[in-house]
Every structure is written in C-alpha cells, then in structure tokens.
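There is one chain below, alone, in structure tokens, taken in the form predicted on its own.
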Amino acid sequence: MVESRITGIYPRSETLIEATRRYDKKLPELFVKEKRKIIAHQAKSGITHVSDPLVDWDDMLRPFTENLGGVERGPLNRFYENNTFYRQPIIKGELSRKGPITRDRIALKLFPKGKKWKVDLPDPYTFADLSDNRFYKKKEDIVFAFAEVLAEEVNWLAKQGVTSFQLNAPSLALANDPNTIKQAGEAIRVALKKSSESAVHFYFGDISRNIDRFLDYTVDMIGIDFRSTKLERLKGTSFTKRLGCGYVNAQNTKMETPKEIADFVIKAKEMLSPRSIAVMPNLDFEFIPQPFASRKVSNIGKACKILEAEKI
C-alpha cells in the first residue's frame, strides 16, 4: 500500500467560518462535527495516515500560547510571507508542561479503526523562531526547552493510540547556518524519542542545499515541499530515509490530476530511490477554500491507487 497523509491545519467550511465570526455558543460542537466530516473524508479517500484537521487551532502555535507554562499569548504577526497571521507566543518564564497540551485540541475519539493516527506539531526550532523571547539567554535554550515539552506531549499522545508524529518545520527550511541545523536536529531527536513513527516536514524554503544535513536527522521520514524545492536540485542525493512527497499544491486552487500526482511520485522515486514514499500536499491546506482542499485529498487517494496498480 502506498502511504498518504495531509499536513497541519485544514480549511474551515463557510458554515464554520461564519460560526466563528459570530462566536456561536455551539462552536465546540461545530468544531467536532467538522472534524468528524473531514476525518471521514480522509478515510474514504484512502489516506493511510489520518490526522485531526486542526480546524480549531487558528494557527500552528495557538495551543502552545494557551496551555504551556512560561508563555503568554502575544499580538498577531504575519505568518511568513503569507496573507495569514499567527498569535505570537511571548516567553516570560521557563517553559513547563503542566498537563496534556493538546488534550482538548486533538479529537482522538474520532480517529477511525484500521488507520494509522498521525498528529502534527511544530518543530522546536520553528517555535523558538516565531516566539518573542523575554526569558532565555539564547534561542537554542528555547529550542531544547520546547523539545522537552514536546517529548512529554508525544509520550502522552502515543499512550492514547497515536502511531505517527509529524513535526512541521517551516523556519528550519529557511535556516542556513550548519550549527543551527545540527542543534535543531538534536532537539527533534529529543522531542520524538518516544514516537514509533516520526517525520519532519520542511516547507516555504528550498532545502536542496542542506538536504544531506537534514537526512542525518534521527527521524523515519523527511517531507519536502516540492513547490519550493525543485526535484532536479536533489539529483545525486543519497536519500536514506522515507520521502514525504509534497507535490500537491496547498496554496493554489488549480487541481492536479491523479495521474499528474502519480507521475511526479514515480519520477521522484526513480531520481532519489528513497526507502518508501508518502504522497502528501506541500503544506497545510488552510490557504485554500475547503471544497478545493477536499478535491485535492480525493486526488491524492486516487493517485495512490494508480501507483499501487503499477506496483510502485
């Protein structure tokens, strides 16, 4: 079976968007209803690693501005070069996990049987990079403190039945300093030490110049945004891990056909010879309307069927 997954935050339906704008009293129920629908669509489409669509997260760091000791919720900041914003964490004390941070943010009871359960979390370097630090002396201190927090959270989630963890690392994809990349990799090792299946997904940046450093990370899979990193620039790479093939464009409503997706995956396999491939979008689908995201998820599933028929 060809693996497949989605990444991070899924777009809300128009109904849910309107409900959040008017602060509907039934909003928690509406979030659950929406999550149930999206999780069911993943399963129906044949997605192998089903994940919570995180429609109640607002941004990738939000739960860590609400349920993490030492952090206060800060102002809205632009999320990289996109027309979206995130609530900046303000670090005013030592980071401390006082209990499960994602307990009320991951709908574990909705995950279907017979599928791998995947949870997406921010990688330690990205958290540190996007935060306003008013306590720690150095950024690397934040990186390792947050890695320890994630290690506890991953351990708790694993005990609830989560089998796969994906750390999303946009800031790390933009990093250039070798020492920074090495330290970030060690922090990721700490964060995922209790995971049975691990991945780091890099997006928003061309990682071809640092691919060998990232392949040294202690993870099972390296996910690549192939809209930012051109496949041809990785030619000659000894790809020693599983490849998260982020080809489907989550920032554009133009629809890739199942055959187009399958053809790219075949090309990536022939060029890189990874241990295995997971078909996925290049990043979160939150940037496009839900109907388009859902069609793209369906096409990922159909592409996997083409690949299975060709015994890829």
Partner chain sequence: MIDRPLLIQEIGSVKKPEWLVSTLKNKNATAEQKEKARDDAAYLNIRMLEDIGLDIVYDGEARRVEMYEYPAKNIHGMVFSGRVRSWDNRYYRKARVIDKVQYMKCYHIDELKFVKDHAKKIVKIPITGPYTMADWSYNEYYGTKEDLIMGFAKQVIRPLVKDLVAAGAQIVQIDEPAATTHPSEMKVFVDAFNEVVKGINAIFTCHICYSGNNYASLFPVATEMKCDQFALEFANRDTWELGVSDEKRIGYSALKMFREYGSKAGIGLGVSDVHVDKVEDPKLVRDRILYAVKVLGDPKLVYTNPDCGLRTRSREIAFAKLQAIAEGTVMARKHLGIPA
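Numbering follows the first chain given and starts at 1. Predicted model only: the values in this text are computed from it and were never measured.
One more form of this protein exists, namely the form predicted in complex with the partner chain; it is left out here, but the text below deals with it.
Heavy atoms of no residue among Ser96, Glu153 and Arg189 are located within 4.5 Å of the partner chain in the model of the complex. Checked against the partner chain in the model of the complex, the residues Gln251, Thr48, Ser45, Thr65 give one hit for a heavy atom within 4.5 Å, which is Gln251.
Only one of Asn82, Thr163, Gln160, Thr240 comes within 4.5 Å of the partner chain in the model of the complex through a heavy atom, and that residue is Asn82. Judged by heavy atoms within 4.5 Å of the partner chain in the model of the complex, the contact stretch among the candidates 74-82, 102-110, 221-229, 139-147 is 74-82.
The partner chain in the model of the complex is not approached by Ile300, whose heavy atoms all lie more than 4.5 angstroms from it. Put simply, Asp58 is close to the partner chain in the model of the complex: some heavy atom of it is within 4.5 Å. Mapping the unseen interface onto this chain, Asp52 falls outside it, with no heavy atom inside 4.5 Å of the partner chain in the model of the complex. In the model of the complex, the partner chain sits within 4.5 Å of a heavy atom of Arg87. Applying a 4.5 Å heavy atom cutoff to the partner chain in the model of the complex picks out Glu286, Phe287, Ile288, Pro289, Phe292 from 280-304, in order along the sequence.
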